[in-house]
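A single chain comes next, written as structure tokens; it is the form predicted on its own.
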Amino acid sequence: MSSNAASAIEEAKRAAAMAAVRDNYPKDAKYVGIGSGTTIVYVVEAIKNLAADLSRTSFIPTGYQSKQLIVSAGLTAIEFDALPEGTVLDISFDGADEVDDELNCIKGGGACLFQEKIVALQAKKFICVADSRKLQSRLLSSWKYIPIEVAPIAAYRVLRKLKELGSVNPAIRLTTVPKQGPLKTDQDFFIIDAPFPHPLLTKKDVAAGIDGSGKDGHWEVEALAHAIKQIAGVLEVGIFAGPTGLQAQARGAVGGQKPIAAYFGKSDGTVLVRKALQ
């Protein structure tokens, strides 16, 4: 990738972050989730540049990187497990590895998927921020695998079960220096990256009569997430689907895995906004 192309991508991420924060940051927010990934650098930057008193706001990171961004910006970081019981986050901002037409997401490329999911589930609203390359009609179109966090003791059992579900050559993710062995998450767990042979079907596909139960390797997004989560040894699956925060609240819950809106920065400096159906 040329330096000009790389620079354009970074500017696209910054534009998406600025628009997402401008449109959604709550007035007098008390608790704000901050996700992981390259786009979140610009989210924190946009929040810091708000004409607002941020001294009374606590920011909840989803991992080491996001905590460092919060602290470096002079903001107050508080760990998720240090939140007062019953605390609901006003909003959470996070990135994604891929997003489909129905705003289902794949996350976990940075190995923080468990923290990212529990933060999203504790927030009234989850806003996704990315560059336009991440928007695809179906998950597993450009991004080729599902990240899954697993207990080390069960890793090889999970690999076998994933193959039974149709995954092609699932593998334990290694550190950047392979001789150091498997990458460890903040929970001291492993990550398995599980490719599947076909893009994941949406609810619209299933409503049109396409079988998404896994037959011949064709899975609907939520069906696959559920099937993987049922494997003993799996802590969490890097598929973010199901209800949005607003839909969850209507059912008496707190938050949802699916973003209520996603902001995609484009190379020409414009931002594409997609909103979930409510």
Ligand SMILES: O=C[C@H](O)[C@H](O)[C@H](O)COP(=O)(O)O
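Residues carry their position along the shown sequence, with the first being 1. Since this is a predicted model, take the numbers as computed values, not measurements.
What comes next is about the form predicted in complex with this ligand, which is not displayed.
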Checking Lys161, Lys125, Lys134, Arg138 against this ligand in the predicted bound form, the residue with a non-hydrogen atom inside 4.5 angstroms turns out to be Lys134
Answer option from Pro199, Gly109, Gly166, Pro170, heavy atom within 4.5 Å of this ligand in the predicted bound form: Gly109
At 4.5 Å between heavy atoms, is Gly37 in contact with this ligand in the predicted bound form? yes
Any of the heavy atoms of Asp97 lying within 4.5 Å of this ligand in the predicted bound form? yes
Taking 4.5 angstroms as the cut-off for heavy atoms, does Glu149 touch this ligand in the predicted bound form? no
Residue stretch of 203-211, 150-158, 174-182, 111-119 approaching this ligand in the predicted bound form, non-hydrogen atom distance within 4.5 Å: 111-119
